[in-house]
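Below, in structure tokens: the form predicted on its own, a single chain.
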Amino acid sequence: MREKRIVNVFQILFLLLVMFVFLFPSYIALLTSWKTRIEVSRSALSFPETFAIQNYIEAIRKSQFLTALKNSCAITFPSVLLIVICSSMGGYSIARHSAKHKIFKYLDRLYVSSLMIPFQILMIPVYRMYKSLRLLNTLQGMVLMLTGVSIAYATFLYVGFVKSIPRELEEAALIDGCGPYKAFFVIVFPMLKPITTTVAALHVMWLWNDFNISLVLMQKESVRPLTVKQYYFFGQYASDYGMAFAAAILTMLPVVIFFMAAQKYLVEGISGGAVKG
């Protein structure tokens, strides 16, 4: 019992250390967002003498926050909806038919292989293709790109979870007169709620925070999302860290709220997709 208590104490200390490492940057960002330029230059760790709410006001004004927020929402949420619909149907098809049809097995391997390709390799071809198709600086083009680069991982999660659903439920629905599409959306899809919530929560967080793709494809001021707007607070010769971190905190808030609302499904969905597959 004594050895077990010692092990538990070390585990708790280790978890506290990990929590500190992960939360410390957020703590610094929050402190800096309330400081004036003079206070920032003195010390990054000191507590602000006066809470400079002007940083937040100027960050909202200079970043055109409401327009950028609208662009981020118009990019993120339609992309997540398309990812959920396409990847759930793709994952279902692969899980149910890969044993009989080789094309689904190859498609599964193709999805997994595509996860190893970073966007930086595709950046120049994608830019030239989007320019020729006149999709640069359009919200629709950005939605298509984010959906395309995200479907592979989402499908991978769905494949493992669908394999845990008994086939008998679908067979009973087909006997009762349901077509394959109706059987999927009426019987199977509601049972995918844990993994669907996990996929949605993860991709809302990832797509909301996307920077590389947005920087390449969204170059006009009127269509830039919040992440790209923050980039312009840092100049070559001067940077306003207080204002920049204030904008970062404002950008984080919507996705943090969404993530906290959906967190109870996260562990269940990921473990279900990984273990049951």
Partner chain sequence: MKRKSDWSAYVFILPGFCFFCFAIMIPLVMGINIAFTDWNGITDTYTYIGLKNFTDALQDQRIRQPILNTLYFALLGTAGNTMVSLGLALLVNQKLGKIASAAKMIFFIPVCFSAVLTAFLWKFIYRDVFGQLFHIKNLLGNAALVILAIVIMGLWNSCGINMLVYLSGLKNIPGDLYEAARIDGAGAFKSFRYITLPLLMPSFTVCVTISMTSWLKEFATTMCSTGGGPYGSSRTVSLYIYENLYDYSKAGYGQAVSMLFVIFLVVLGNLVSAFFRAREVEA
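Between two forms, the rigid core is the largest collection of C-alphas that superpose within 1.5 Å. Keep in mind that what you see is a predicted model, and the values were worked out from it rather than measured. Numbering follows the first chain given and starts at 1.
A second form of this protein, the form predicted together with its partner chain, is not displayed here; the remarks below concern that form.
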If you check in the model of the complex, do 108, 159 and 230 all have a non-hydrogen atom within 4.5 Å of its partner chain? yes
Whether residue 245 contacts its partner chain in the model of the complex should be assessed with a 4.5 Å heavy atom distance threshold; does it? yes
Does its partner chain get within 4.5 angstroms of any non-hydrogen atom of residue 190 in the model of the complex? no
Determine whether any heavy atom of residue 55 comes within 4.5 Å of a heavy atom of its partner chain in the model of the complex, and answer yes or no. no
So in the model of the complex, does residue 73 come within 4.5 Å of its partner chain, heavy atom to heavy atom? no
What are the residues of 79-97, in order along the chain, with a heavy atom within 4.5 Å of its partner chain in the model of the complex? 82, 86, 89, 90, 92, 93, 94, 97
Did residue 53 shift 2 Å or more between this form and the one not shown, C-alpha, core superposed: no
Shift of residue 253 between this form and the one not shown at or above 2 Å (CA, core fit): no
After the core is matched up, is the C-alpha of residue 44 off by 2 Å or more between this form and the one not shown? yes
